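Just one chain is shown here, as structure tokens, and it is the form predicted on its own.
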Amino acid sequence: MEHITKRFPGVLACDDISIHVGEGEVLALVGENGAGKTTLMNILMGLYQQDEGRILINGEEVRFRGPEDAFAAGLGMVHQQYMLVPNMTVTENVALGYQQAWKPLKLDLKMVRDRVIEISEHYGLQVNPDAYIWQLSVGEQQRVELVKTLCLGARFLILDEPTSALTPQETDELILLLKRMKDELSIIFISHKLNEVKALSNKVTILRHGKVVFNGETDDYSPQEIAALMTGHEVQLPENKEPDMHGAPALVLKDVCVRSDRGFLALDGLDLTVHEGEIVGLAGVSGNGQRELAEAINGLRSVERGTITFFGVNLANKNPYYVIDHGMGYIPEERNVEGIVPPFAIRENFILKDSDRERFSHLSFLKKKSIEENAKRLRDDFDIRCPGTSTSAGSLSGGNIQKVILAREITRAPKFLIAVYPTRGLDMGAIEFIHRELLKKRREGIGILLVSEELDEIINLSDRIAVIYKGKIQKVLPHAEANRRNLGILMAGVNEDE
């Protein structure tokens, strides 16, 4: 890609960017949220058209009118925000782009289904070909994206945060798989996880504010040096080394049973207690009931049996407004669907839960000045990259959408906070900031349930770590006893105490 420039209203997303990827080479493309990485790759895949510059494949200039042209040229992309049709099955989603299955007057779905099974088994990417996309967790949907791209026969692979929803074991397997595939494929790998960048890539390119600020050989730099080049300062992730606050129970779940969208018990007699002033990390492979647990607590999913006691009040089967009114903060897994209203302005998304409060309205009329002042303060405090507070939230990069949700939930003065993958898709500088904010809330005496598959994040921040497997808590470990090995074993369903 040579001298690529792309402008959006009020934003210069890509500013004269040039990158080069050789045959059998892995280029890591890194940078802070909103640096232009995803926009650049969307141009390469024909989803956007560049304003200036050109793309060359094997020395010949190409201009893709759409993704189908990119597929035909052997390019495939696993998007950060999945490109799947929710009310279709996994097989049907793959079939949409699988030209070999389209016969005269017939679509050979059996052939596609067999191909999905073959690819998923070959690469160890477990997916159910008959499941509807809307029934799957975010992690499972990302696996579907990867299987879909491999089914379409990509020879040049673009991976936009492919491991953000995978467990450490799955991530290690994916890195090994991609290393083996380097002989056959060229890869552009976008990731904020710099250990993965080091493990996989040959070269690294760093973007900042839409410009290339660094090019180099990956082996010549440590993860810490790459992080410093990305952010402009040394990044040091904080750890929870503070004394136990011995707070009273804030959230107590007893014998909770909840059904999944597919009808089976996603939570099957789950017990868990979180105290005031402690962070309890919930570790587990995606799809073991984390989503259903968070939704049941927040009134988004019915509870078949059991109690969810929140400061003495049973929240089971209460509506979301009731839960919010009692002081619950919630950072959801589905940020685009549950976390924001995409067409609304950023300033409106900041007050979604407080629009009827006296601070932002009077006699049902919104106080525009107060809303604007609040939005500007949160935008600056949380470093949300956007042209202005009137920008629609849905037009932001994934990481900046996450910052909008975090800013709203953390600053509402909640009595308790449920954080589901709070740093997914965030750069190292933003992760450092969010971790400090969570520890600050802990010091204020707020209980936090932290749902994450990032074991380093859970180990660094949690006072206690609960491992969930098939809807039950396998074991709760104190911080001092937790390490990547024993958590990984428990996440796989093996309890060494039994």
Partner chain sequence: MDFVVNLLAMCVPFSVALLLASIGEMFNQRAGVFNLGCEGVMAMGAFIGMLVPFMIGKGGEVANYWNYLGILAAVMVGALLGLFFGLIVVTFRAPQGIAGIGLQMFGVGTAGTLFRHFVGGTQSVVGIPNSPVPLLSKIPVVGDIFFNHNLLVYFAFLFVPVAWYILFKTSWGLKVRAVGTYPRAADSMGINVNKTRYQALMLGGALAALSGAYLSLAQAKMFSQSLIAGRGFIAVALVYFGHWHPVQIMGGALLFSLAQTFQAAIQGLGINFPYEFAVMLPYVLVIVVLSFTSRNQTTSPSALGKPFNREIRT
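Positions refer to the first chain, counted from 1. Take the two forms, find the largest set of C-alpha atoms that superpose within 1.5 Å, and that set is the rigid core. Keep in mind that this is a model prediction, so the values were computed, not measured.
What comes next is about the form predicted in complex with its partner chain, which does not appear here.
Of Met181, Ala345, Leu300, Met88, which residue is found within 4.5 angstroms of its partner chain in the model of the complex when only non-hydrogen atoms are counted?
Contact with its partner chain in the model of the complex is made by Met88 alone.
Between Val252, Met83, Leu229, Ile119, only one gets a heavy atom within 4.5 angstroms of its partner chain in the model of the complex; which residue is that?
Among Val252, Met83, Leu229, Ile119, a heavy atom within 4.5 Å of its partner chain in the model of the complex occurs only for Met83.
Taking any heavy atom pair closer than or equal to 4.5 Å as contact, tell me whether Leu47 reaches its partner chain in the model of the complex.
Because a heavy atom of Leu47 falls inside 4.5 Å of its partner chain in the model of the complex, the answer is yes.
Using a 4.5 Å heavy atom cut-off, state whether Pro238 contacts its partner chain in the model of the complex.
It does not: once its partner chain is placed as it appears in the model of the complex, Pro238 has no heavy atom within 4.5 Å of it.
In the model of the complex, does Thr218 come within 4.5 Å of its partner chain, counting heavy atoms only?
Output for Thr218 is no: heavy atoms all beyond 4.5 Å of its partner chain.
Spell out, yes or no, whether the shortest heavy atom distance between Leu363 and its partner chain in the model of the complex is within 4.5 Å.
Close contact is absent here: in the model of the complex, Leu363 is far from its partner chain, nothing within 4.5 Å, heavy atoms only.
Is its partner chain close enough to Val94, Gly394 and Ser397 in the model of the complex that each of the three has a heavy atom within 4.5 Å of it?
Every listed residue reaches its partner chain in the model of the complex, so yes.
Heavy atoms within 4.5 Å of its partner chain in the model of the complex: which stretch among 304 to 312, 278 to 286, 106 to 114, 367 to 375?
Of the options given, it is 106 to 114.
Any residue of 1 to 22 with a heavy atom within 4.5 Å of its partner chain in the model of the complex counts; write them all down in order.
Contacts from 1 to 22: Lys6, Phe8.
With a threshold of 2 Å on the C-alpha, tell me if Tyr330 counts as moved between this form and the one not shown once the core is superposed.
No.
So, superposing on the core, is the move of Asp69 at the CA at least 2 angstroms between this form and the one not shown?
Shift of 2 Å or more: yes.
Core-aligned C-alpha movement of Val256 between this form and the one not shown, 2 Å or more
No: Val256 shifts by under 2 Å between this form and the one not shown.
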